[in-house]
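A single chain comes next, written as structure tokens; it is the form predicted on its own.
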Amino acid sequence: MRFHIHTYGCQMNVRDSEAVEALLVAAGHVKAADEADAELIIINSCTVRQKAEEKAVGKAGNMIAAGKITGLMGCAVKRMGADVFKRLPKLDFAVGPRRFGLIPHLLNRIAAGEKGILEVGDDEVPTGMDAHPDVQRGGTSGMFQSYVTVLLGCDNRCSYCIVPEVRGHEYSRPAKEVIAEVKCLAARGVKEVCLLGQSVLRYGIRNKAWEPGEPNASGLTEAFPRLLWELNQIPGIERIRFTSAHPKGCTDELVRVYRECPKVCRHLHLPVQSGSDRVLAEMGRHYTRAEYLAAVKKLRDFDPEFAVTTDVIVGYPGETEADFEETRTLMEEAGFDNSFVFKYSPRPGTRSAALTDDVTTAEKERRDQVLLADQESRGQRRNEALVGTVREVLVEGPSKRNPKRWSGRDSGNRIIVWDVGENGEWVKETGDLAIGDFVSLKITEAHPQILIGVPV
């Protein structure tokens, strides 16, 4: 059967979609050229925000109306359960985040005449996920990059977040399984892996990731730094990223890995959400403003150029102007390289949904714009400090905005672009530089979101 997958949401959903694609191909199905060519459409859904869920459900409805065999997978299925068939009565199947490994089997049942199949479950170990590490994708952005899920679920239980309800308790994949997958990817030409987890620095805390007696040449005692150290030894892998992090995971052992393992990228996405201790406590974030800033300082003391990015929520219930100003001052003190600002909206099933959403839409928008303007100035300053330095860049290909330029990222995940001429002459002159190659660029110009360089 020819299939096509639509993915909404985070990197973990992208990774899950890739796993489903690999499982379907291994089962004899064929990836369609596009949606129109497909007999089967699978929509991987997100429910972190209402709008994302509505997009996925709407897309499924359109595919059903077009006469396609249609399945919905992911977080929205877990949230809605059997109610998904009230919204989409003619949906062929619906699968929760930890049961997508069953999809090839469900297609056999559909071929036998079944309809309206629901598989949600609360499996600790995802069914079918990466059972065979040799069944892998080429990568997410091309053959040179790939996501690798190491931690599923979340036990942090932040007041505003529905992820623990839809993705379940934390489960750390066995380290030997992750290492086998990354070795397989390296053999297929992947140069950069990004390790995924809702709070990835909690890897190995709820369940053991390492078996007793497994060799430990690093001498590290914490599960995640030890995993990073082992992945750093794999030939062919040149860069290791991971997301997202929590300040309590910024330990001395993590800093040691950054110091000793050159493949581990000098960038950490460290969501802060608020700079007010009162709001942080209400959110259930389990750290204070001072503890968060101490984590950033530990990284920057090791390397002043270390890139730290973050997520922030404005307009959380009860957030006063004073609370908001504390967020502004924290962001300035932390000196974030980039920030992603979200306007609070309640999600059913979360603790904060019971609170009065008392910050007006207009005020949320104002605070959003203030923080974005602050970040523009801050990003400009951080980037200007890099002018004149030489950065090693992993080539990602032509710039989306200007085909006369190519684009790539340095270890700090900064986007760097450079001129290649009308027809890519510079690329040709230097021996057909290809996507996935490394190039050294001297930074000549800085902007808040990108850097511009020239080859050296």
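Note that this is a predicted model, so its numbers are computed, not measured. Numbering starts at 1 and follows the sequence shown.
Although it is not shown, the form predicted together with ligand SAH is what the next lines describe.
Only one segment in the set 321-329, 253-261, 98-106, 306-314 has residues whose heavy atoms sit within 4.5 Å of ligand SAH in the predicted bound form; it is 306-314. This chain appears without its partner; in the predicted bound form, the one residue of 48, 394, 38, 69 with a heavy atom within 4.5 Å of ligand SAH is 48. When ligand SAH is considered in the predicted bound form, only one residue from 338, 276, 145, 273 comes within 4.5 Å through any heavy atom, namely 273. Although the partner is absent here, residue 90 lies well away from ligand SAH in the predicted bound form, with no heavy atom inside 4.5 Å.
At least one heavy atom of residue 344 is located within 4.5 Å of ligand SAH in the predicted bound form. Interface membership of residue 79, defined by any non-hydrogen atom within 4.5 Å of ligand SAH in the predicted bound form, is ruled out. Remark: residue 118 does not count among the residues lining ligand SAH in the predicted bound form, judged by a heavy atom distance of 4.5 Å or less.
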